[in-house]
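What follows is a single chain, given as structure tokens, in the form predicted on its own.
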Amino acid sequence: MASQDNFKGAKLPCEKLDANVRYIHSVFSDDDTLVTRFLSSPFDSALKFCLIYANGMVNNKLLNDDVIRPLLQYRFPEEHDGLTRLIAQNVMFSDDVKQTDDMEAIVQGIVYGDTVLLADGCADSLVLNTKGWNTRSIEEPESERVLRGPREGFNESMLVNLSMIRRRIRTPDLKFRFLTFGRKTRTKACLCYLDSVVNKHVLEELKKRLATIDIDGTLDTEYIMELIRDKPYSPVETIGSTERPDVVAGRLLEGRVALVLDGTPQVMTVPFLLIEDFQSDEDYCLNYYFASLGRILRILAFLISTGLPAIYVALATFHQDILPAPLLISISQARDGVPFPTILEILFMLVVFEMLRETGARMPGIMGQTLSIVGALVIGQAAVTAKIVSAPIIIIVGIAGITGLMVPRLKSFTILVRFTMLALASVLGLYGFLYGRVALLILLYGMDSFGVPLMGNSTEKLKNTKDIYIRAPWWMMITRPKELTKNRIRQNRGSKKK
């Protein structure tokens, strides 16, 4: 197909049907999926039409019943005020009919599953809604499974995803604003927000950053997230994403903005708070006691996963006098015959564990789970027997790996922090670990998400943190998070500009 710039602002060349068809074919040169169907009225052979569409993108039954059949059965009057207007108003059964002579609109309609109707003697066309490509059925997202709560998940169709959001928030206050990204892909997207709740400053900042995007293709929301995020070189995510419509609806009710991109089930939400990674989708479907306990366990799991290997290396290498004598003797006996220092032992097993986890995640179904479990058992036991690593290392790595899986959204960040803490502890002992923790806190508390502090109000009094460390009862959560809805936001210091 020709470049988008070749026909941007162009119009249909004339009123002659053959010339218009040839021009559209020149735009779609060397494209064998383009279908051209010529028709003429059985009541007046002078009335000639042409249908142009992309094969495989249209619903053939819809095309036959709502476009071709009524066009051939209608008896056109001798006098009329514009043939295309007459067809649009009196003939077509299609639910969406657009009359246009703009070539960009015509081409975008064809590549998006619409059918273009040209009539002889008319310098404009009708773009008819006949979309009919296959989409994946609505299923529960694999990465966000719950034991209790809604089981629906987004799929790759933007219109289907918008309908699931609309079904949960049935108010005209819910606004949908359509956008297009990608010079080549021309991917459709939609901004979703509640007009009376959304932070206007966040909304305007998001629109401003989206307007700077200039890229050939956007095949996933990650493309957009990397281009508009705060502090793009930071390992900390500042934009949220989810595949669940109930999560998006909940965030919209709190004053956030969602971006739905056609072709991907991942929906982007801003602003983002770090605590969202520790919140489970079913926290709001369970009793608040159990939900709060689960959230506290996830926070503790992140601290253990990122800190336990570093603490073990620091104690075993620099601070043996802190350990109780029986424990120190047990560790010494376990390390008897192991030729490598503690830091190399733990690095080796952490890398092996991550390889096994990644392999298990990529393998299909039950085979991946079996490989992860059997691989960990066999390699761990063999490594201890061969005196490559000591038994306490297997325990430390196992606990760190399992607790890291409790917060899957922070998987990459957890691995990075774990190895950073481990490196500091191997050089400076517990002092290095403490320095690393302080540096991490400084990094997190200094970051924003579209002007909103990444850590939210986590430093305020416990009564003001009703949905951070715990999940308070619903009768106590009667106000929206003030850091999301307040009129003024913190001055942005790290947004990426074009």
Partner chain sequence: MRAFKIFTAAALAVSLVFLTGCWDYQEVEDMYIVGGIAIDKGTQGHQYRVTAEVLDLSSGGSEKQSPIKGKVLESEGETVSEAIAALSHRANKTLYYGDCKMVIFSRDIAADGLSGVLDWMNRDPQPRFTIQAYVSQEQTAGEILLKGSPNGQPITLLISKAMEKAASYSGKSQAVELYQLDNFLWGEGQSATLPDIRFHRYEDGVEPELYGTAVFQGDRYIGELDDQESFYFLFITDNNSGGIFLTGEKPDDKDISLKIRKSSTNVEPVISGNNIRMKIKIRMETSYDEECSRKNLLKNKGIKTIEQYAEKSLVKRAGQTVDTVQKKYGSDIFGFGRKIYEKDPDLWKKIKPEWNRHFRDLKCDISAEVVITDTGFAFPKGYE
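Positions refer to the first chain, counted from 1. Nothing here was measured: the structure is a model prediction, and the numbers come from that model.
As for the form predicted in complex with its partner chain, it is not shown, yet the points below apply to it.
Consider the chain as shown here, without its partner, and state which of Lys175, Lys411, His201, Lys387 has a heavy atom within 4.5 Å of its partner chain in the predicted complex. Looking at the other structure, the residue within range turns out to be Lys387.
Which of these residues, Tyr74, Phe348, Phe93, Phe318, gets a heavy atom within 4.5 Å of its partner chain in the predicted complex? Checking each option against its partner chain in the predicted complex, the one that comes within 4.5 Å is Phe318.
State yes or no: in the predicted complex, is some non-hydrogen atom of Pro341 no more than 4.5 angstroms from a non-hydrogen atom of its partner chain? Yes, Pro341 sits close enough to its partner chain in the predicted complex that at least one of its heavy atoms falls within 4.5 Å.
Residue contact check: Ile329 to its partner chain in the predicted complex, 4.5 Å heavy atom: Flag for Ile329 set to yes.
With the cut-off set at 4.5 Å between non-hydrogen atoms, does Arg335 touch its partner chain in the predicted complex? Within the cut-off, so yes.
Ala211, heavy atom within 4.5 angstroms of its partner chain in the predicted complex: Although its partner chain is absent here, Ala211 would stay clear of it in the predicted complex, with no heavy atoms inside 4.5 Å.
Based on heavy atom distances of 4.5 Å or less, which listed stretch (252-260, 420-428, 220-228, 353-361) is in contact with its partner chain in the predicted complex? Heavy-atom contact with the partner occurs in 420-428.
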